[in-house]
Ligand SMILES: NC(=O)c1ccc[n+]([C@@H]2O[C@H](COP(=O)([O-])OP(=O)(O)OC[C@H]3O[C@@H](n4cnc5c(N)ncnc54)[C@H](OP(=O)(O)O)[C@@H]3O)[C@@H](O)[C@H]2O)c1
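Next up: a single chain in structure tokens, the form predicted on its own.
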Amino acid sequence: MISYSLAGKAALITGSSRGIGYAIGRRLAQAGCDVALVGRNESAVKAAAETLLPLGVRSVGLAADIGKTAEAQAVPRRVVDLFGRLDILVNNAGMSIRTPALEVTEDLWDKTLDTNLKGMFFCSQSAASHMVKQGVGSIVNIGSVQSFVAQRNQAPYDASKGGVVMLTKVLATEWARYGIRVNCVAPGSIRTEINRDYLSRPENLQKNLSMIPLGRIGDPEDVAGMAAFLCTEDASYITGATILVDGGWTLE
């Protein structure tokens, strides 16, 4: 049950044709927010956006590769052109390819960091340039439990997600004077399309469950609820924070 309203606001969510990004877009739309879903697959992201139209909001799907700086910078401008404003940015686009550190190539490193960290920064910079004019805005970066806990075979991903936490703090510090809040949500083990194959193996599933005090794998909606909350007036005094949504993974 949505107990708050975001009517009259416009949001951009990257990496949102499915999984966590889509769940966040849907939660914001349920609160009355116009939403622009962004993904690399044009047909998939447009189809995802169409499913939100019955909620009575404006919803569009935009094709963009956040790993390419020019596209990361351009997409906030496209949203402002479409909706006339931009109040919320959720940086969810990301990639992860499990590879032993000794086998990581420069290309794999660059692709991971370009999407997970560099693209996030330049998309935020572009969005903030519009939010400054409005005197208000909320940016939510999606980090990871691996921003804090190292995982084998995940050097580029873990490095990028560690950077997301510090980037969140820097931008929050710099942009607070403009009325822009910047926060981070760090999910734990969440059941999405990206890790479906990994979690389908009983040994991997049991390994993850053994580290989660709540005893279950999370759902995208678990992350969506926190991300949406950070965009509301109830969170108006929260900035620079990283909030773990990990079922207790990091408690021990």
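All figures in this text were calculated on a predicted structure; none of them were measured in a lab. Residues carry their position along the shown sequence, with the first being 1.
Not pictured, yet referred to below: the form predicted in complex with the named molecule.
- In the predicted bound form, no residue of the candidate spot (Tyr4, Gly32 and Ile88) has a heavy atom lying within 4.5 Å of the named molecule.
- Between 169-177, 102-110, 156-164, 128-136, the stretch whose residues reach within 4.5 angstroms of the named molecule in the predicted bound form through a non-hydrogen atom is 156-164.
- Taking the partner from elsewhere, Gly39 is found to have a heavy atom lying within 4.5 Å of the named molecule in the predicted bound form.
- Proximity of Gly143 to the named molecule in the predicted bound form: non-hydrogen atoms within 4.5 Å are present.
- At least one heavy atom of Asp65 is located within 4.5 Å of the named molecule in the predicted bound form.
- Proximity of Lys9 to the named molecule in the predicted bound form falls outside the 4.5 Å heavy atom cutoff.
- This chain is displayed alone, yet in the predicted bound form one of Val57, Ile212, Val60, Ile190 has a heavy atom within 4.5 Å of the named molecule; that residue is Ile190.
- A single residue from the set Asn204, Thr69, Asn195, Thr51 has any heavy atom within 4.5 angstroms of the named molecule in the predicted bound form; that residue is Asn195.
- Annotation for 110-128: the only interface residue with the named molecule in the predicted bound form is Thr115 [heavy atom within 4.5 Å].
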